[in-house]
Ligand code: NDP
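Taking the form predicted alone, here's one chain by itself in structure tokens.
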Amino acid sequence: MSQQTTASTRMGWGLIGASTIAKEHMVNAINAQAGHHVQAVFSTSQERAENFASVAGIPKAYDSLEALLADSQVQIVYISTTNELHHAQVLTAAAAGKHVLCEKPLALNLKDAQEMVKACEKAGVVMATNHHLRNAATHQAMRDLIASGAIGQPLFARVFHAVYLPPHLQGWRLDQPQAGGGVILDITVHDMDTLRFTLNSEPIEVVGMSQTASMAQQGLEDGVMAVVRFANGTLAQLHDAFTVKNAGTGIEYHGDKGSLIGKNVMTQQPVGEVILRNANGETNIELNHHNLYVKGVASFCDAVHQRGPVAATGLDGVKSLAAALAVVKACQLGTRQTIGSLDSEGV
């Protein structure tokens, strides 16, 4: 049974994983919410957990997941371990009655991801996927403009998400297939979620080619280009990489009446600009930038308190994972892949 919550309840969070994203973004985002605070952190290394807790001002540090989940002052968990661990940890947290915010990708295959969503539904706990980009002012503005008909019928989209993976993040992303490394599960899954959100349409088929240029090992990819067909007819081109230092990021939507140009928008930071281009010329869209993670956690807290929906549901996580896995298969096999046709073996 899930723990009862009200708007006045003080909610404690447990971090499952003493990760870089938790340190750089999520601790502050959680503590920024009224009535919410990070209560505990878990790592398989007690020393790492204690060091993380000391720096972040977290009261408790555990090297046992069971001990963290048994803590009565923890009502919510945020999971940011390596990808292969998400499935078992979500199931265990749901069984303990904890609400779950999980990093993307939810799992390494669709069967596990779907099981995670069902386990949270059965336990009566809130589950969400931490797809941060849909919380950006830039992408929300583009979604609203497309829905309003500002560019007419969407025909094409282009995503530029080729970046350089900094040294402190390289590790398992480049050499551990068993952990779900590689650029597609790390970046392409974000592109898919952003396109799904902004176009309000689902991807239905993909083609793609991947590259192992200079960083990835063990059969993983560090660059990819793919083309995705959406149910509304939009064709989207994706360019993702870990190996490009100076490209800059962006996203474009082109319709039969106009275009939207998003510059420097595929980022964790509250930055970027959106330009509407049509027969009347160019218009810079006014944006009210905000912290993406604070906004996403705020939506999650609202859902826990039954005040509104999460930003990205568990099902959103499943659908975006399905599209990314289809790109993996398309690159491996050199054939067009229909979304949803992947078997439960995943990658």
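Everything numeric in this text was worked out from a predicted model, so none of it was measured. Residue indices: 1-based, along the sequence shown.
If you look for the form predicted in complex with the named molecule, you will not find it shown, but the lines that follow are about it.
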(Q) Check residue 169 for me: does it contact the named molecule in the predicted bound form (non-hydrogen atoms, 4.5 angstroms)? (A) yes
Q.
Can you tell me if residue 20 lies within 4.5 angstroms of the named molecule in the predicted bound form, counting non-hydrogen atoms only?
A. yes
Q. In the predicted bound form, does residue 112 have a heavy atom within 4.5 Å of the named molecule?
A. no
Q | residue 264 within 4.5 Å of the named molecule in the predicted bound form, heavy atoms | A | no
(Q) Partner absent here, but in the predicted bound form, which of 230-238, 198-206, 81-89, 156-164 has residues with a heavy atom within 4.5 Å of the named molecule? (A) 81-89
Q.
Within 4.5 Å of the named molecule in the predicted bound form - does that hold for a heavy atom of every one of 43, 104 and 173?
A. yes
Q. Considering the named molecule in the predicted bound form, which of 243, 140, 211, 268 comes within 4.5 Å of it through any heavy atom?
A. 268
**Q.** The unique member of 305, 60, 48, 37 whose heavy atoms fall within 4.5 Å of the named molecule in the predicted bound form
**A.** 48
Q) Though the partner is not shown here, which residues of 282-314 have a heavy atom within 4.5 Å of the named molecule in the predicted bound form? A) 293
